[in-house]
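First, one chain by itself in structure tokens, the form predicted alone.
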């Protein structure tokens, strides 16, 4: 009982800011893992890394102007996604992503230099802060979740086809360019929701880690997607407990826990391959 009291102290599930954090964190976990499934399939980890960081400029601008940071995140996430999609080609995708990222970070630095006394807000946006999730933030994140899940359900089959076999999908009439743009906009939605909870620097770990681990545990796309969502939820829930107990940034724990799950997924995959090889060998 004493150990349980230490791990789950008073207020963990009842304090108003923690209730907000549990709801928002769970929504972000589901959204990030769902979008991350396609990120892993397409090998687009750099885009999943760049867009959340680029969105930080929008949040910094919103803080400077006294506006809603979630709106600033959404605007710059969307602009970054559209910039990457419109300027990139198959040969130069990484260079274009890097260019958009550096341009956005430059704007973010400019916005920060024009203002002062914004250290707590900046720290929360960079590393995540469970005490910074307000009820309006929760409502906004839930709306983003609903929009992204609806879009994912509609686009699941063509986006899956375009991610696994893009050339064949294009030959079959799936608009590849349109799928690329819609995919990046989904990443932008996930980044907008994740940054207030996990932080701009580490939110991509929640988008890539659970989905990558799910790909090792699952058999087939649907199972991998489902397992990735479960791993994302477990990662966020464990991280919220650790962050509340220690006072350390929740983003650090999310990165650490997702890395552990990814390692377990790799280990499971190797053990499964070993068992299959043993069964096949005479």
Partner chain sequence: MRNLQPVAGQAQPVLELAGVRVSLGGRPVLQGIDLSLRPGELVGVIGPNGAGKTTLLKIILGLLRPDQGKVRIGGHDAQASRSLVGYVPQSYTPDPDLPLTARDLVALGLDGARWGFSLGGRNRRAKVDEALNWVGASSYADQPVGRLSGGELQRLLVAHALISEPRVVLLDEPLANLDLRSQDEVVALVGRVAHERGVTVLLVTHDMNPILGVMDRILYLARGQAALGTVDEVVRQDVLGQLYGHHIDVVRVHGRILVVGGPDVEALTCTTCDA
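This one's a predicted model, so the numbers in the text were calculated from it and none came from an experiment. Residue numbers count along the first chain shown, from 1.
One more form of this protein, predicted together with the partner chain, exists but is not displayed; see below.
158, 165 and 174: each with a heavy atom within 4.5 Å of the partner chain in the predicted complex?
Spot residues vs the partner chain: full contact, yes.
Residue 244 near the partner chain in the predicted complex, any heavy atom under 4.5 Å?
Residue 244: no contact with the partner chain in the predicted complex.
Report whether the minimum heavy atom distance between residue 41 and the partner chain in the predicted complex is within 4.5 Å.
Contact with the partner chain, yes.
Wondering, does residue 221 line up within 4.5 Å of the partner chain in the predicted complex on heavy atoms?
Yes.
So in the predicted complex, is the partner chain close enough to residue 146 to count as touching (4.5 Å, heavy atoms)?
Although the partner chain is absent here, residue 146 would stay clear of it in the predicted complex, with no heavy atoms inside 4.5 Å.
Which one, 71-79, 186-194, 165-173, 138-146, holds residues whose non-hydrogen atoms are within 4.5 Å of the partner chain in the predicted complex?
Checking each option against the 4.5 Å cut-off leaves 165-173.
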